[in-house]
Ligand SMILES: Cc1cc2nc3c(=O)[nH]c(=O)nc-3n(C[C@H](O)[C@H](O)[C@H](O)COP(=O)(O)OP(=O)(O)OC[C@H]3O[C@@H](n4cnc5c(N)ncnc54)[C@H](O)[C@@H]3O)c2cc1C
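The form predicted alone is given below as one chain in structure tokens.
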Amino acid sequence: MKKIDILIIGAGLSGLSAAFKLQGKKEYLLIEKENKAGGLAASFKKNGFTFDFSGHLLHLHDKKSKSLILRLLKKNYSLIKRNSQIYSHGVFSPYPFQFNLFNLPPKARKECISGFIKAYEKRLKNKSKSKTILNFKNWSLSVFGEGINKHFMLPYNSKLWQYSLEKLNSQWCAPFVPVPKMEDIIEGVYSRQKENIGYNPAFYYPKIGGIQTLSDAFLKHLKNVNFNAELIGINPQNKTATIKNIGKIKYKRLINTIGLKHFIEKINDAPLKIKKLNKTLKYTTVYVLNIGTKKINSDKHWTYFPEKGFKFYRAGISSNFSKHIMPKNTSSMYIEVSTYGKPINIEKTEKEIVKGLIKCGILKSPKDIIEKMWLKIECAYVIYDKERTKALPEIFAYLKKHHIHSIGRYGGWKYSFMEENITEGIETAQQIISYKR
């Protein structure tokens, strides 16, 4: 039986960054069930097009992680100013919706303004009252009012989460849902608002190779990585793991980055209470249609679609991230469709997507499509509900007791972004290095 200090499950950005920090300091083994690194930060090539799992963009806020990431990319990156929009009421409005109401029809605009003012005044009156965690619907109504919720917040999030907004809580919202001040609303009625709003006003993206470039940049520094090596089972009591194509491994500590729910299912003889709590964890699945097309005349990066008339909730023009990820005189797109608890009909959904893209004017004809690739993100968005709130502390306490660190967007069972996952991988590795035993 092979013995190592640290076993890392999953070669996504969390696992790669943890191994990067451990390299030369602790003996580790990084295993990945696929045949390449990256996890969801992977890219796929097809007839000259490079497709990602939707829009995987680098939003860098921390000086240390930013320095590391850009150093790894070795000048193979661009800094891009966000240019995104919303399509509703037959018109395009700048993102974020709540800051840019000027393009809406007069009736919708009036409803948004009056609703926000009423909600704003109500919040001022209730400012001294104790704060509790609200469900998303009530939180959004209390912050934005009836109009903004009617025309964007509720329909869009219903389409994204595919889960009751009265059961979904609001813990995930910061920093992903920017909240305007009264002056922002008023200014946004008359003209386009300032563009540096939210956590992602600008982003970095590799010039060549898609987001896979970053994953491969980490990989170049690592020595102990095994692909086609899926975790089959784990025994936390005696610290052994069974791995496909490797066999049994004896470890001292384990870093898990795969979906927490799926990881717990692989634990042999987990306590009944932990198994029951784990069954309550939920997630939304996203299907991504990547297409290569004839040249699209648009400089936009992505568009949100809140209305029921469109099957998809977001569509992005990935060729506007880089001119090197598609053949000359073509464009590429990713279109996202969300589902909860059941698969989608690919053929039917594809027809609805094309129909919607033509309806809003992004595509002219189905004949404009040159290439296509469906990608599935099984566990795309974890559901923030009362069951999650109850389950996570007990599950993590159990794992900690057995020297298991479950980290990243999916190991941590949370809503996060790539920089945060990299930072968490490095910090976890540093924590392990500092242990005396």
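Sequential numbering from 1, following the sequence displayed. Computed from a predicted structure; not experimentally measured.
Same protein, other form: the form predicted together with the ligand, not shown, and the subject of what follows.
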property	result
Stretch in contact in the predicted bound form with the ligand, which is absent here, among 386-394, 62-70, 364-372, 33-41 (heavy atoms within 4.5 Å)	33-41
Among the candidates Glu307, Glu146, Glu230, Asp184, the residue which, in the predicted bound form, approaches the ligand to within 4.5 Å (heavy atoms)	Glu230
Contact label in the predicted bound form: His405 to the ligand, heavy atom within 4.5 Å	no
In the predicted bound form, Tyr410 touching the ligand (heavy atom, 4.5 Å)	yes
Residue contact check: Tyr28 to the ligand in the predicted bound form, 4.5 Å heavy atom	no
Proximity of Glu336 to the ligand in the predicted bound form, heavy atoms at 4.5 Å	yes
Residues within 4.5 Å of the ligand in the predicted bound form, restricted to 1-35 and counted by heavy atom	Ile9, Gly10, Ala11, Gly12, Leu13, Ser14, Gly15, Ile31, Glu32, Lys33, Glu34
